[in-house]
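Next up is one chain by itself, shown in structure tokens, the form predicted alone.
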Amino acid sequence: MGEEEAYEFVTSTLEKERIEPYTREESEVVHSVQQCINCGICLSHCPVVAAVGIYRFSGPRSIAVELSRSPPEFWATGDTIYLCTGCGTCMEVCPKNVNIPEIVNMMRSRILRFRPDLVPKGLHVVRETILEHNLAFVPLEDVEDKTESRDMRLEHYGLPLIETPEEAKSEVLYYPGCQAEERSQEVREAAKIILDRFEVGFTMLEDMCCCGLPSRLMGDKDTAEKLASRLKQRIDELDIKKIVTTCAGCTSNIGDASFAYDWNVPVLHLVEFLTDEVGTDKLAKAFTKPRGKEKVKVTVHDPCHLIRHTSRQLMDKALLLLDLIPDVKVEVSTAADSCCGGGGLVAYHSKDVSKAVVKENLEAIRLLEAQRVVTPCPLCTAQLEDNLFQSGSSIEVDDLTVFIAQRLSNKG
């Protein structure tokens, strides 16, 4: 038997046994698991374990242990592996830096490939939506309906309409993400207002496509890579030198893709772009004449994909922006950096777990008696807003992008 025949025989045998060899990147993740010292620190910090108990979600340590077993036993994790929100708290506190979030993604990938029957139905629905529309949400088919929805949101927030620039040569691409593109359009429009106010030449994609994060989180690696490749193609066609985002998940995911595949295109969340590129002097002057806004007491929520998957410095920059706005008093809650429960696609199939995780946030927010919660992530905004409303709270939630756009003075 020749080498090629031997290789085909081995690979076909492995596939029959539902065993897939690790890629080089996956081997690095597996190696990180081998560093686990079984100390249990991750269990005492995991927000899901704290919310629903170790008998419902066995926690990060057990996930690491499962990976050391033979591949067929991965299927035994099917009832718990999808309850991880991917917040990254475990990796942040781990003395050995074991990469649990990527371990979860890898195990989900194998389950999706070999045992799709174990994947929650809600994730299959999201996957079908992405495969059909290249977006994580079903887009409104009627353009007039989408325009009407946008205009109603702008009126509600008191924001003007800035015409979307046509695709043209521009060094800056503003990428709003699926949530802001199809659901939270006020975030998409607010970013345009801010960029226009500071005379930033930017362009946007006419044919918006998902960055691939939802696919990656559910284990659909092939689709995630196709979406990333499609986005890179558009970036090359437009000769983009810099990407500005308003979604925490998009910031970390596109940043990871840019680094992994040598795109050589920096990815900046809007808060970083404003503080580093526009500058605090210009920002301070722009906030000297807020448009009829009264003094307000706010608290902040730190998106996991910013502080743990990107950099904690981004929330420092967000606080700096808020400090520049007159008549805004910021008080940080005790649960500001605790997961909101909206990550890892958990809310799509286990809403009870998602609601249990966000409960800590809600209680900490109420104790502060703040009037508003501000967060630089549309997903966190929606998660906190929905749960505060359902709990009967009158506290409102704003995406930071919208909050800033409302308080900018007019040009000139």
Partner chain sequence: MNLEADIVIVGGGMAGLVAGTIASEGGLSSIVLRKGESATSMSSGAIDVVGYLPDGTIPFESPKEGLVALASLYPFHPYSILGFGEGKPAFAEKVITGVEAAVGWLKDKLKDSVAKIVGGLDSNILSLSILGTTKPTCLIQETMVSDGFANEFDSTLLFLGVKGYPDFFASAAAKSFLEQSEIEQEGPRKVAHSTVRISPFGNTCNISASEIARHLDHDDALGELLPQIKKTVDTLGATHVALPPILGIKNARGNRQRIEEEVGAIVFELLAFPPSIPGLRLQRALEETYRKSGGQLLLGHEALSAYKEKNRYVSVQAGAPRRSIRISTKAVVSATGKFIGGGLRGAEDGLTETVFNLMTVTGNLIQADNIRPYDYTSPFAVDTGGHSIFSCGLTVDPQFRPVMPDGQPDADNLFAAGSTLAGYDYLVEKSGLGVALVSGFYAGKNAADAAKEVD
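No experiment lies behind these values; they were computed from the predicted model shown. Residue numbers count along the first chain shown, from 1.
The same protein has a further form, the form predicted together with its partner chain, not shown here; the description that follows concerns it.
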R234, R150, K96, R197 - the one with a heavy atom within 4.5 Å of its partner chain in the model of the complex
K96
Just one of L173, L314, V298, L324 has a heavy atom within 4.5 Å of its partner chain in the model of the complex. Which one?
L314
Contact flag, G86 vs its partner chain in the model of the complex, heavy atom cut 4.5 Å:
no
I'd like to know whether L362 contacts its partner chain in the model of the complex, with contact meaning heavy atoms within 4.5 angstroms.
no
Considering non-hydrogen atoms and a 4.5 Å limit, does its partner chain approach T310 in the model of the complex?
yes
How about R61: is it within 4.5 Å of its partner chain in the model of the complex, going by heavy atoms?
yes
Among 157-165, 252-260, 200-208, 222-230, mark the stretch whose residues have heavy atoms within 4.5 Å of its partner chain in the model of the complex.
252-260
What residues in 26-57 sit within 4.5 Å of its partner chain in the model of the complex, counting heavy atoms only?
I37, C39, G40, I41, L43, S44, H45, V49, A50, A51, V52, G53, I54, Y55
